[in-house]
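Given next are two forms of a protein chain, the same chain in both, each as structure tokens and marked structure 1 or structure 2.
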Structure 1
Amino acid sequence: MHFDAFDRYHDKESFLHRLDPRVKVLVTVIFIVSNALLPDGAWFAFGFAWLFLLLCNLLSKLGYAYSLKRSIIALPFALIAITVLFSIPGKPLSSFHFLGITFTITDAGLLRFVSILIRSWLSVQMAILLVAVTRFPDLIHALEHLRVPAILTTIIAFLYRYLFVLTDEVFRLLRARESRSGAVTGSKRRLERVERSGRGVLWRAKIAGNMAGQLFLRSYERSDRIYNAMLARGYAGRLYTLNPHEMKSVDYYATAFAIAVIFLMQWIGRF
């Protein structure tokens, strides 16, 4: 079993792939901050931001709609924001009845709702692109360079490494449970009953809890073995790494260019 489905990195030769990971992280964060700063209804700026995204997509050689296709992930959360449609005072656009309450959509509400969605959608796309063109270990290096505390980046590195091992374990546990979730041979009616109950919810929750406990113990004991393996190779409480990255001229130019573009975007959004 492989949980390579977790790997969002796409192996390609492109300008963005070669760029220093620090640059990519920095630009992504600035882009997302800039989106948050853009006022509601700054359509030109939103459009400009999207063009910038499009350019990045093209530079990544992943196809111009790569990030677009994967960006639906934030949509479910939009439900949370739907209330602004009705709650902001403004010119009524349309209204409907639901559960005996009248909801009125206002123009100001619609403007705000759409703006929130666009901001989120632009930000998510940039983050998608970031992990598609940066291998996760490089991302961790970038965080180290950007002064994220070492203890956190180390935990994240271990998390990434054992994510695959442990999710595989969970998956096999779930499979074993599934394969023993049988019912007695009998009439159709009996079957339906079993499918509905399969013992009570409490019992099922307890089984899930047992699996979590089992997984905890195994993880705990594994960490012991890993610690031994680290000791055996000279670990004495401090971790050392080689610096695999060096900023080249392209990296500086790219950062400068991106910051200029994002600043321009802010200017367009405001004036």
Structure 2
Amino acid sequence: MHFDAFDRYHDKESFLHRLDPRVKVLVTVIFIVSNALLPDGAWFAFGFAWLFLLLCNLLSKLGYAYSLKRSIIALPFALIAITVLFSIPGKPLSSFHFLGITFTITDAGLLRFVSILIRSWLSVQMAILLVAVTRFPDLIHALEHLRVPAILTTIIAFLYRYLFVLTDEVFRLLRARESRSGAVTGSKRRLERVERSGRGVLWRAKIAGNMAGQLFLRSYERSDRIYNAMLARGYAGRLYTLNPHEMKSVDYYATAFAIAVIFLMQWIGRF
């Protein structure tokens, strides 16, 4: 089962892996907020932020392009901001007609749109790197140490853990479906499933709906059994980790250095 699709942690012996998770979470949040606060068109600041990301990739021993290659998939989600191309007043650059409406792209709108894309791209890279160098239980405990409300950390922890339960139930349903599906063979043709021959779209939709309903019921029942098992083992609303979290001198120095770099990035973007 491909449960590693959810777990993006890469076990390495690197500088970033050894840092306290509180440092990594705090620097990531500050970096993302700093990106959001940069002015539109702060190209030198964006470039400086990207150099900082490259340095972090090298310190993680995952390769300088690790987060870069994995962040491209998130760029299409930033296209939701495409409306700023037409909604911000400025010098007209181009116009086109769609559904009887004239849309005009302005220079200010284009500048805002490109800046949003770059901000999103940089922020996603930092988040990807954080998950790659920090175990998920350590992330949860770092949030607790940083005084994030307990209800939020609990929701995040259970949401992550029950993704595996849901995936396991999906594979169980698929295996049950495979085992109940008849097949015919022939010397001159490949193996075919009987259920796929002569069936229409409505029949397929009905089967998919039945499977979705079964998935919900089975996942709900299994989650209830898991929760009762956790209570029987002493769960009292808090998750524990075997990794002690102790701030060392290198953690303080790394935090100070990262904050200084982010402050310099803001200075470059504004002055």
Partner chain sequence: MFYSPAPLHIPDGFLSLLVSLVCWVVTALTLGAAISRTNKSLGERQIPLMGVMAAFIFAAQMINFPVAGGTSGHLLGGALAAIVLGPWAGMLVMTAVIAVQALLFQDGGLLVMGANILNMGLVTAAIGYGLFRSVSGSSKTVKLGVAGVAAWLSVMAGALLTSLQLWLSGTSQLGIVIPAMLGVHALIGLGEALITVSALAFILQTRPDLLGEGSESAKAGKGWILAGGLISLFVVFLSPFASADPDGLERVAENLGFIGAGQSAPFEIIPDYTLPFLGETALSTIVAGAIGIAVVAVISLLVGRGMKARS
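These numbers come from a predicted model, not from an experiment. Counting starts at 1 with the first residue of structure 1 and goes up one by one along its sequence. Rigid core (definition): largest C-alpha set, two forms, superposition within 1.5 Å.
Enquirer: If I had to pick the form predicted in complex with its partner chain out of these two, would it be 1 or 2?
Expert: Only structure 1 matches the form predicted in complex with its partner chain.
Enquirer: Is the shift of A157 between structure 1 and structure 2 large enough to count as movement, that is, does its C-alpha move by 2 Å or more after the core is superposed?
Expert: Yes; that C-alpha moves by at least 2 Å between structure 1 and structure 2.
Enquirer: Just checking, between structure 1 and structure 2 and with the core aligned, does L146 shift 2 Å or more at the CA?
Expert: Moves: no, less than 2 Å.
Enquirer: Using the rigid core as the frame, report the C-alpha movement of I226 between structure 1 and structure 2, one decimal, in Å.
Expert: Spelling it out: core superposed, C-alpha of I226 shifted, distance 4.8 Å.
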